[in-house]
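The chain below stands alone, shown as structure tokens; this is the form predicted alone.
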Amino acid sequence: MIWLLSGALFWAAAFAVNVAVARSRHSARRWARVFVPALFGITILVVWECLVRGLGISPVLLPAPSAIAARFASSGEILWQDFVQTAVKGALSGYVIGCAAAFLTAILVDRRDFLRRGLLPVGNFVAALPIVGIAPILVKWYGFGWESKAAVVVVMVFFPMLINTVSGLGETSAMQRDLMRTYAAGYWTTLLKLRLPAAMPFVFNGLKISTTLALIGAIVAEYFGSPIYGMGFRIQSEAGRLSMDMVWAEIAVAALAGSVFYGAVALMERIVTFWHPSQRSQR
């Protein structure tokens, strides 16, 4: 009972602090925008710990955060090896290849209208295909190594990136393009100096969407064949052995990696598109 009461008291105190910070004159400052979600996350972990201990929930069903943290600390070498195999070799390489290929293809689609009419409907069809249907085929084609995981990631990120980039390239108005023609600017000059800068918010939107798709695709692909290491392989094998603290430790690594990956792309977006109204409003 003491655990449940402690969790309730901590939640009430954290809620009061968050409300006070949100209503204060400092709510728009950077430290406040970081403090509020950080305290919310800590509150979830504390309440989780108190509920598991107070209700006596079996660790097979839901391990406590302290047990997950202990397993995380004691399995650093295994977690790092899995991270490199899945996130770096599989997800990151597929992300770079898929997004770069989609960006170049978008320029070709913008240049040739028949490609727009023919490729984009196919892209919508492929983007709707379930990953559990694509992954086994690509694993059979490319083997059990990281190459097959990268291939799955390429398929997953290619069309979202393509569609966003094509939409961005069409963002400029006819008046802006006519103005470039009055300056005797050709297609490539207009593309580099007008259309690509205007498309950057769309391009980064595709890049940010692809960050989550890349990691998900690499992890799920490992369920259909992988070496004896990797985040998806470890989650599947440890869940079969009912070692749920290790499963949650891998999930924590995936969540941290995905957050850092997304944050890096978002930071790059703020640097590149500092002129955009959406970025100025965040300062």
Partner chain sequence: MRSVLPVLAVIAAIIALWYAGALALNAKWAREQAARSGTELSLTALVVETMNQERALLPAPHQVLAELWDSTVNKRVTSKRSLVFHGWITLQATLWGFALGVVVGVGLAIAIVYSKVMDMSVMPWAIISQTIPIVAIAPMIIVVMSLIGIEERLVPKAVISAYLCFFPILVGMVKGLRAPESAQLDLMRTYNASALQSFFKLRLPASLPYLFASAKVGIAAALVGTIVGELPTGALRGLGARILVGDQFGPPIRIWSALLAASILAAALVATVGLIQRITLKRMGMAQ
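Worth saying up front: this structure is predicted, and the values here are computed from it rather than measured. Residue numbers count along the first chain shown, from 1.
Although not depicted, the form predicted together with its partner chain is the subject of the following passage.
- Contact between P65 and its partner chain in the model of the complex is not found at the 4.5 Å heavy atom cutoff.
- Proximity of F125 to its partner chain in the model of the complex: non-hydrogen atoms within 4.5 Å are present.
- Its partner chain is not drawn, but in the model of the complex it has a heavy atom within 4.5 Å of P130.
- Interface residue remark: V36 is counted as part of the site for its partner chain in the model of the complex, having a heavy atom within 4.5 Å.
- Across the options 191-199, 145-153, 97-105, 132-140, residues that bring heavy atoms within 4.5 Å of its partner chain in the model of the complex belong to 132-140.
- The candidate spot formed by N18, L215 and A254 lies fully in contact with its partner chain in the model of the complex, as each residue has a heavy atom within 4.5 Å of it.
- Residues V247, W248, I251, A254, A255, G258, S259, Y262 are the members of 245-262 with a non-hydrogen atom no more than 4.5 angstroms from its partner chain in the model of the complex.
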